[in-house]
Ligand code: FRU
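We begin with a single chain expressed as structure tokens, specifically the form predicted alone.
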């Protein structure tokens, strides 16, 4: 067997920021908000603290793109200080209606903390998708059903069904845990409570960031501080999905299947693009209760690459959506070495028996993904700067995440690489994680045993 080597110079830059993953520039970001296709552009808003690299008074940052890959930064869309949002404009969503772009978001008032906190749902509108006029509170504390807490009532996801508007909102029961409530409106301004749509508690202390794709029967939520699973739910804050059907008369959602959306260390708060012809989602490529080594460069947090999501064999199937150009294609006979920091790598193998992928490698660092006993094992223990979190299980402390390999005869692996992240796709499932290796760690090595294997690398296209 022979070793093949590519010597093409990888795309690189001296800039300290990710090459194509969305950040706020300077400052902290978390949840993607208000994802929508409007006036010929994809709009992504996000939770943003422009004045520091830790969570702070939340604004809405804003970027746009025509290809879901190259992003243009726009002025801050929402700044706290209005009715109901004097201490923060928390997460929400967007919808096109009445010839305008509307965003619903959670207004936050600290009021001394604890149960004195107030979280309410606010509305703003725009004629141009850039400048927004606030309308204040449209779903307030008095609109909560009996037994729910006005201090934990957030993250409205608004959508339309047969001419009526619906809004999913995360809420918490008194002396209980998280629920997902459903409201209905004819005009986006006056809302009525319809139902406790799932009808059961979160596994952790609170549900957050609900999202719904009616075409797929897909309802997603995030679960705060949920109990750790064996392999597939190790993060204490996880993004969960439910497949089923919404009854719009009763407001109840019937679940047929459930799971988690991402098996990596760093994935939270996914949201789908409204008004888009594709069922496309993005998430926060970070995690609560983690240190963020990029803070020393003046930014903290980024968003994932866009993903198209569909149903295949009765389960969700995710594939990345990026504009790329091919720079290398070769067959692999046992082993290939390459160099890459930024870009996309696709490995296609027939009858795969074994596989080990080493990324961002130098003399003392590497990130590895290896097939072990039917599971893909992602290992960032030697990736670079140490990342620690709230998880205390042995796998997490060892920098390990696992994802079951698909049963397809042909294995297709897609790796999305940026300066501080790896997104690993196989069989419709994903592991997304941040890494902070040295700048010059750029070696890639793939060792496979398969009937046939091809290696293709792509640069990000402008």
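Positions refer to the first chain, counted from 1. All figures in this text were calculated on a predicted structure; none of them were measured in a lab.
The same protein has a further form, the form predicted in complex with the ligand, not shown here; the description that follows concerns it.
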Specify the contacting stretch among 426 to 434, 52 to 60, 35 to 43, 398 to 406, defined as having any heavy atom within 4.5 Å of the ligand in the model of the complex. 52 to 60
Report yes if any heavy atom of residue 172 sits within 4.5 Å of a heavy atom of the ligand in the model of the complex; otherwise report no. no
Applying a 4.5 Å heavy atom distance criterion, does residue 154 contact the ligand in the model of the complex? yes
Would residue 268 show up as a contact with the ligand in the model of the complex if we use heavy atoms at 4.5 Å? yes
Consider residue 209 of the chain shown here, and say whether it contacts the ligand in the model of the complex, taking contact as heavy atoms within 4.5 Å. yes
Students should find that, of 288, 159, 183, 253, the residue having a non-hydrogen atom no more than 4.5 angstroms from the ligand in the model of the complex is 288
Counting non-hydrogen atoms within 4.5 angstroms of the ligand in the model of the complex, say which of 235, 220, 91, 202 makes the cut. 91
Taking the ligand in the model of the complex, which residues of 19 to 55 have any heavy atom within 4.5 Å of it? 30, 31, 47, 55
